[in-house]
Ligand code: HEM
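What follows is one chain in C-alpha cells, specifically the form predicted alone.
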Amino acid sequence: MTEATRIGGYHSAHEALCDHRLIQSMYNECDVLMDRVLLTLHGEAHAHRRAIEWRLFRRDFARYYEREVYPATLAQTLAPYLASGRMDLPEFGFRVNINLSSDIAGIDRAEDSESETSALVAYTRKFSEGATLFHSTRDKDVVREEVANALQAFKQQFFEPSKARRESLLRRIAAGELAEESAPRDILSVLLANRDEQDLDDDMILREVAFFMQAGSHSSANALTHCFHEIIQWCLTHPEDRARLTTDDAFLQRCVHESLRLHPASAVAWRTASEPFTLADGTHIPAGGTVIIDLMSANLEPELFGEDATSFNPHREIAHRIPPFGLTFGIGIHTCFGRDIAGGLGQTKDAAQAPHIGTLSNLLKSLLAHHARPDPEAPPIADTATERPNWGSYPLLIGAPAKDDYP
C-alpha cells in the first residue's frame, strides 16, 4: 500500500482542495447513505448536481431565512427550555437546526409537533453517524445496519409524503395550472424536477435528502457548542467583552468565526488522486494515491493568523483576503453550501439592508440574552463515539441567573 501524502499549511491546503485531480474519499464508508450524494460525486456528475442545487443558496435566501423564518423556529424550540431552566446544548442545537435542515432538504412536518421533531432528530443523528463513519469508534457494520434501518423508517414517515406533495405541485406547474414560483424552494423539489436529466431514481433522491438533513444539523449543533464554550472561557479572563456579546452583532460574529477556525468539522480532508501528478514542491502523487489535506494546520498558520493562532481571540488581526474561519467551510468545488447561512454574510455596503450574521450568531445571541451558562453541578462530557473532538453533552442553566452568576 502506498504511503499517504500529507499536505499542510494554508496555501498548499487551499491549492489541494481546488485541484480537480483529487477526489473526495473520506465519506465513502457508508454507501447505504452516501453513495452518489453530492459530497461523494466528482467530475461532470458533481458539476451537474451542484449546478441545479446551488440555485437554492443564493444570498437572498440566507437573508430571507434569517429575517422571516428563523426567529419563529428559534422561539418555538427555545420555549420549553426556558420553562425548565435547563438544556443540553448539543441536543438543543440539533433540535433547533433540524427545522432549518428540513426546510432546505424539502421535508414537511405535517403535525409540527415535538414528537415529529424528536423523530427527525433521532433519524438525523443516525445519518450523521453514517456520514462520519470514517471517524467512528463503533463497529462499522453495526452502524451501517442502523443507518439503513433509520433511512427506511425516515422514508416511510417523512420522505414519501413530502415527495408526493411536491410531485403533485410539479405536475400542476407542468400543466400550466400553477406558476413556476409555486414550487417549494428546496432540494427535494429540485431533484424531482431534474430527475430525468440527472438520471435520479427514488433511492438516490432519498439519500441526497437525508444527506442534506444531517449536513445542516450535525455540524451546526457541534459548532454551536464549541462556540459557546470558547466564548464562556474567553469571558472568564476578558470580562470587559461580556456586554458586547449581546449588543454588538459584528463582535459576536467575530467570536463565531474564530471558533469555527479552531474547530473545523474534520481536522483533515482525504482525497484520492485520479491520475499521477507532481505537487508544486516536487512531491509525486501516483494515480490512486491518498492525499491527506491538513485543514487544522492551515487554520493555525502563524503567518496568517498570528503567533497566538492556536488560541481563541476574537480581536485577532488576520492577513488580507484570508477568511476569518480559515478553510473550515472548504474551498473550491466542495465548498460547504451552508457557509453563508451558518456563518453569515457580515456587514453590507447597502445601508438599507440589514447585515446577515448567520444562524450560529443568532442562536448564541439569544442564548446569552437568556443568561445561558454552564451548569456547575454537571460538567460537559466529550463524545466518545467518534474520534472527532466534539462534545457529547454540555449541560446549561438558562434563565435569570443568581447574583454574580455569568453573564
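In case it trips you up, residue 1 is the first one in the sequence shown, and so on. Owing to the predicted nature of the structure, the values given are computational and were not obtained by experimental measurement.
The next section is about a form of this same protein that is not shown, the form predicted together with this ligand.
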Is this ligand in the model of the complex close enough to Thr73, Ser189 and Val209 that every residue in that trio has a heavy atom within 4.5 angstroms of it? no
Report the stretch among 174-182, 154-162, 304-312, 257-265 that approaches this ligand in the model of the complex to within 4.5 Å, counting heavy atoms only. 257-265
Counting only non-hydrogen atoms and a 4.5 angstroms cut-off, does Arg50 reach this ligand in the model of the complex? yes
Close approach of Leu364 to this ligand in the model of the complex, 4.5 Å, heavy atom: no
Is it the case that Arg244, even though its partner is missing from this view, gets within 4.5 Å of this ligand in the model of the complex, heavy atoms only? no
Does the 4.5 Å heavy atom contact test between Ile104 and this ligand in the model of the complex come out positive? yes
Residue (of Gly326, Gly93, Gly130, Gly216) lying close to this ligand in the model of the complex, criterion heavy atoms within 4.5 Å: Gly216
Of these, Leu100, Cys235, Ala119, Leu200, which has a heavy atom no more than 4.5 Å from this ligand in the model of the complex? Leu100
Given a 4.5 Å distance limit between heavy atoms, list every residue of 124-153 close to this ligand in the model of the complex, or none if there are none. none
